[in-house]
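As a starting point, one isolated chain is supplied in structure tokens, in the form predicted on its own.
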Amino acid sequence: MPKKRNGERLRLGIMGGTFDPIHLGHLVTAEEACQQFNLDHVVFMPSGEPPHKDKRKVTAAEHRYLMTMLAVVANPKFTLSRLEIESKQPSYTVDTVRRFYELYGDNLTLYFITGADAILDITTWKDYKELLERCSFIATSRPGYSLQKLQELLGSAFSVIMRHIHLLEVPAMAISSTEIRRRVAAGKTIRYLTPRPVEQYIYKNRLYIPHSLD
């Protein structure tokens, strides 16, 4: 985990997700967030037991952790955490944020990096008001993404919530983990969609191959 600098406020970005698998869109997003928000580090946080996903459809946590490690190891600004993977409870963002404040105290500026579409459901997240008070959100999207849908959903609360949300346009967000899994299952190439070591790990461990092809 990143360490405090003497007397200086630590600026961290948390990038959570299933990373099933991690891809270049994730890495470009993290790098852009580092640049635009002057982050000391981005902590990649593979989820353990995602509360909003059918865990039977998610690849084993250790595979997802190792793929993420292969993807981020070369960048000194990127680091990796097992915090959610080792938790015995479902992974909620607010619990992760609380844990970071326990580790680093109040001398911390925290950003949570997520997809803009996920922000549409922000009011359904566990203790979302506390989340908005304790960290800012970097909502990543493709260029041209509109917040109109969010404004319609939130109504009068839109302006208050948007004080804590920053929109970050990332062209590489067109890449998706879903499409990578689909391409592997169909026997199509995934080169240049995910780092080469991750691609090799997927094929070596026969991830995303339909059982009928095993």
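Bear in mind the structure is a predicted one, so any value in this text is a computation, not a measurement. Note that residue numbering follows the sequence shown and begins at 1.
This next part talks about the form predicted together with a small molecule, which is not shown.
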Does at least one non-hydrogen atom of T68 fall within 4.5 angstroms of the small molecule in the predicted bound form? no
Can I175 be called a contact residue for the small molecule in the predicted bound form at 4.5 Å between heavy atoms? yes
Evaluate T93 for contact with the small molecule in the predicted bound form, applying a 4.5 angstroms cut-off between non-hydrogen atoms, and reply yes or no. no
Touches the small molecule in the predicted bound form: R181 (any heavy atom, 4.5 Å): yes
Report the residue, out of R98, K77, R142, K126, that has at least one non-hydrogen atom within 4.5 angstroms of the small molecule in the predicted bound form. R142
So which stretch, 69-77, 127-135, 109-117, 85-93, is the one near the small molecule in the predicted bound form (non-hydrogen atoms, 4.5 Å)? 109-117
